[in-house]
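A single chain comes next, written as structure tokens; it is the form predicted on its own.
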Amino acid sequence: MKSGELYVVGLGPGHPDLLAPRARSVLEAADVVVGYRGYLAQLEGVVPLRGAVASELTQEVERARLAVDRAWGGERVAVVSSGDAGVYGMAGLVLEVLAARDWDPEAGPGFEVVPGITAITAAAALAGAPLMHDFAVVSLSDRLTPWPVIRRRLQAVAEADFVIGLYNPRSPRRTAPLEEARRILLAVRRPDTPVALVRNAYRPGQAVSIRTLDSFMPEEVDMFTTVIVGNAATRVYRGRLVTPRGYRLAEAGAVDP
């Protein structure tokens, strides 16, 4: 049995210009590309794929096992994730499957995670500069993480005054988590704390809205939205969020004292 290569590739937010050069070259050279059908559709007309195996949401384990099987058999395999494959993506699951098979890096198959632009950094770029200081990202999806665990993490980062990015904030059947998250945040943060709602970042239908913690409507948010909640220092300047890093502009001569 010959040994192949296994790559887990972050596609970025979806715009062709934001697909990393390394990701593009790996995908072009792959014998087979494995991924959720929606992500593979993003690559049509962007990267020529020699082979593609598409599957549906919730079939992540099957995708990981298939990719490992094909790489173990000697093929060059790419598994794709949106954003960065190592942030809520397929990289960890593929490594878990490799570990379950007692994978030896020296014997192969080769393994590499190819990074991509994450949803939080893409959303932050469109919203201004909200991540200039310490921040945390929390997924509100309880499909794989129990809600009490998510609640405890939300309370911790809220009290620590991190800028917070909320992934998977709301779906048609899962509306309560976002409302509870806002209650948790309002218990320790000002009602006028700036909030950015970034939908479909760098994809068709892109929309950016600047709100406050007490005024944004949960109905404005869906699974295609990344929510960024500012910290105590975050401000809005001409429609853009900025979280000051702490530079002393007057002393540096950048502004009048």
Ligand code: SAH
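Throughout, we count residues from 1 along the sequence that is shown. Small disclaimer: the values here were computed from a predicted structure and weren't measured.
Heads up, the form predicted together with the named molecule isn't pictured, but that's what we're talking about next.
Between 44-52, 219-227, 185-193, 26-34, the stretch whose residues reach within 4.5 angstroms of the named molecule in the predicted bound form through a non-hydrogen atom is 219-227.
Contact check for F135, L154 and L178: none of the three has a heavy atom within 4.5 Å of the named molecule in the predicted bound form. In the predicted bound form, at least one heavy atom of G83 sits within 4.5 Å of the named molecule.
Not displayed here, the named molecule is kept clear of P109 by more than 4.5 Å at the level of heavy atoms in the predicted bound form.
None of the heavy atoms of A67 is located within 4.5 Å of the named molecule in the predicted bound form.
Looking at R203, you'd find a heavy atom of it within 4.5 angstroms of the named molecule in the predicted bound form.
Note on the partner interface in the predicted bound form: the residue among L166, A71, V79, A127 having a heavy atom within 4.5 angstroms of the named molecule is L166. Scanning 108-123 for heavy atoms within 4.5 Å of the named molecule in the predicted bound form gives T118, A119 in sequence order.
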